[in-house]
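Only one chain is given next, in structure tokens, and it is the form predicted on its own.
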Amino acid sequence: MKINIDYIARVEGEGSVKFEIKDGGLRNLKLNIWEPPRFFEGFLVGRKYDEVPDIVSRICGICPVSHMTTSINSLENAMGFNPSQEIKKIRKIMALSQIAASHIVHLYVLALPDYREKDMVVGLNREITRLVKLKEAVNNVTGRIGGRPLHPVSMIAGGFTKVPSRDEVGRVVKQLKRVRADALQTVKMIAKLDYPDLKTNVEFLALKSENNYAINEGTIITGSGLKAGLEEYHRYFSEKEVPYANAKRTVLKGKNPVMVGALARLHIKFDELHPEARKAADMIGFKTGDVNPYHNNIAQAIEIVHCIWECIELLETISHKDTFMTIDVKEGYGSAITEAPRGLLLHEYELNRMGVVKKANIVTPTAYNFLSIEESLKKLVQENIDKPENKLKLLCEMLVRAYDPCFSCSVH
């Protein structure tokens, strides 16, 4: 029997899952990311450094801040520029607001219908109200600082062209404080869902820093204890192509498939979570070391609490000093890796002496998760091979959605 899920709904981008069941066994399971490639790495060549952040933000309409931030960090590294602590702080606020916004939409609009047996969000009136309140609050953070919540205009290499006034920041903080209870309700709601049981053999991967929940900088850490700086990246990681997908697969050499994203982050750096997020995790009995990928939804809900609380605290300490610095343009190579909503995001650039891009490389979270999703699907099908075809298809779609992939980013 051949089973084709020709189009996986409620994910960002276009992909399918195909496999065959023969003589009681699984054969030839493939995650086909068939969205057409967009060649961003190619057409960045020849563009000046200050054009790059705006261009790469168009890779994704959900995580433009992550692509902008990672590209800016990489370009600044290439030119030997070190931003002020105030610039770093505001960039982290932007990143946290976008992670929360992405998680909110994924949980309420993409994942929740699987467990409520509703068509999208129809009939989920209470959840819709909470969704709108949360999304407006975190979008307001991104929009006030970035000029607009989608594809910000004020965040550039060297800092910010404009920073909101203290009164504007105060209004943003008040709105965030009003939705803290909604964030906790989200954790409770997501934790109560009836998740399929699945144990996978993955290598969790995340950034880690001392004394803070690493987002825009840190050391690459694996669940088995490997530590790697940016300068060692290509020693440990490689990209591979498969004939049935337009996305590359990024693998950790000699290791199990890697998993990045909220569940991996909580496993690697749970102790660095905001205390209120740790309380939320304790409230629902969440434990680190959980290797059920469906529980990535729970991890995302916990991160929403973290992002809102940390945004409030960081916003309250903005000094409005040293928010823009002049860059001395020069040739060089630079790379940066950050935590996008879905996991690790790498940008690399080589610039000539005029600051024009000679070479570009971008590795997205879904490229890291590609093999892990595929291997998790294989295990899921093998453990549920006797279930009816419709039920098996649904379990597979739910698993893919739990990873929250962005197929559009993966074929950049």
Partner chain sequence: MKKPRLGFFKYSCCAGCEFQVMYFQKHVLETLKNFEFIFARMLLRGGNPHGPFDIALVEGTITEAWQADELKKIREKSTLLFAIGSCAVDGGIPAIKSTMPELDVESKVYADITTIHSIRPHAIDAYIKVDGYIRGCPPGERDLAEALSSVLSDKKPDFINYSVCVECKLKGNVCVLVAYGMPCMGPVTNAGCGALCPSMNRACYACFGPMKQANGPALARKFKMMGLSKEDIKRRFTEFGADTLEFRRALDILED
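Numbering follows the first chain given and starts at 1. The shown structure was predicted, so the numbers you read here are calculated from the model rather than taken from an experiment.
This next part talks about the form predicted in complex with the partner chain, which is not shown.
Checking 251, 105, 273, 318 against the partner chain in the predicted complex, a heavy atom within 4.5 Å turns up for just one residue: 105.
A heavy atom within 4.5 Å of the partner chain in the predicted complex is found for one listed residue only; from 312, 214, 268, 109, this is 109. Contact check for residue 180: no non-hydrogen atom falls within 4.5 Å of the partner chain in the predicted complex. A residue is said to contact a partner when one of its heavy atoms sits within 4.5 Å of a partner heavy atom; residue 161 meets this definition for the partner chain in the predicted complex. In the predicted complex, the partner chain sits within 4.5 Å of a heavy atom belonging to residue 12.
Although the partner is absent here, residue 332 is not a contact residue: none of its heavy atoms lies within 4.5 angstroms of the partner chain in the predicted complex. Look at 343 to 351, 372 to 380, 22 to 30, 43 to 51: in the predicted complex, residues with non-hydrogen atoms within 4.5 angstroms of the partner chain sit in 43 to 51. Proximity of 76, 79 and 228 to the partner chain in the predicted complex is absent: no residue of the three has a non-hydrogen atom within 4.5 angstroms. Within 4.5 angstroms of the partner chain in the predicted complex, the stretch 35 to 68 places a non-hydrogen atom from each of 35, 36, 37, 38, 39, 40, 41, 42, 43, 45, 46, 47, 48, 51, 54, 55, 58, 59, 60, 61, 62, taken in sequence order.
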